[in-house]
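For reference, the chain that follows is the form predicted alone, supplied as structure tokens.
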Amino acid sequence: MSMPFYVAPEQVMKDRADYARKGIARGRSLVGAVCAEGIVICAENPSSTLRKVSEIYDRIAFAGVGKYNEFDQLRIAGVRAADLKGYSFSREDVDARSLANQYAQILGQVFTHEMKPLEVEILVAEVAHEAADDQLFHLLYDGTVIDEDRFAVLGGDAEAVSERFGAAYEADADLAGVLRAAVDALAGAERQLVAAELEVALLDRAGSRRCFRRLADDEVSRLIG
């Protein structure tokens, strides 16, 4: 009987992390940021049918980058978990923090125990009645949870996009100002993105119950000028 090859656990984890990062880097980026009207999420997405940004619950949105089929499975799991908790207890008991913790457990379990990690990064955002109470949770492929302050950038060339957006972002700016900064950051100096290449959604702070609103191309065009 032949002995199996030994691979150090550190090397296994490094290989899985490298594999996941490479898969995520091939995708297009997205930006989620707090603005005066709520939380805006802007993703580079030329598809008219596949969605990176979706509603999870009344005041909670989900956004993902990487492999579509993998982060869409996570979206569906989040919707089911939120609906079950809201039905069993109260709609006010459903919050982004608990959803982010559930997602972290799923991602961490797959990364540690499965042969192939999930090639995804996700954002769970919850809008509050006051901007200071808004929540943005950025989850990595290995289950790491980052509690972002004011804005988050996922996928693609996230470091460069984050640097460009951070230089132009003003926390108290209105929707149009934040959206223009996000589009310019996603496009960079050598490109120009139009509304048809973008997917934009807003968690409206003034919403009475369901706060998620998807922005149509004509509205996006008007906002970004």
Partner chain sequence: MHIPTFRTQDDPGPDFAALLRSQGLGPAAPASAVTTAGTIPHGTTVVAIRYAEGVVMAGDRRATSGNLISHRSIEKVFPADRWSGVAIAGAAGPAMEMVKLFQLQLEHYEKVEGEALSLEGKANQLSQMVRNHLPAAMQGLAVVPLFAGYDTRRTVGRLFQYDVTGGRYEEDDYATSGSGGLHAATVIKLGFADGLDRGDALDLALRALVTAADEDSATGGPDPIRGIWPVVATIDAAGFTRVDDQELAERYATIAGGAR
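Positions refer to the first chain, counted from 1. This is a predicted model, so every value here is computed, not measured.
Separately, the form predicted in complex with the partner chain exists; it is not shown, and the next lines address it.
Residue contact with the partner chain in the predicted bound form: Ser88 places a heavy atom within 4.5 Å of it.
Using a 4.5 angstroms threshold between heavy atoms, Gln135 stays clear of the partner chain in the predicted bound form. Although the partner is absent from this view, Val110 stays clear of the partner chain in the predicted bound form, with no non-hydrogen atom inside 4.5 angstroms. Of the heavy atoms in Asp83, some are within 4.5 Å of the partner chain in the predicted bound form. Note that among 95-103, 110-118, 140-148, 123-131, the stretch whose heavy atoms approach the partner chain to within 4.5 Å in the predicted bound form is 95-103. Contacts with the partner chain in the predicted bound form, taken as any heavy atom within 4.5 Å, map within 66-82 to Arg75, Ile76, Ala77, Val79, Arg80, Ala81, Ala82.
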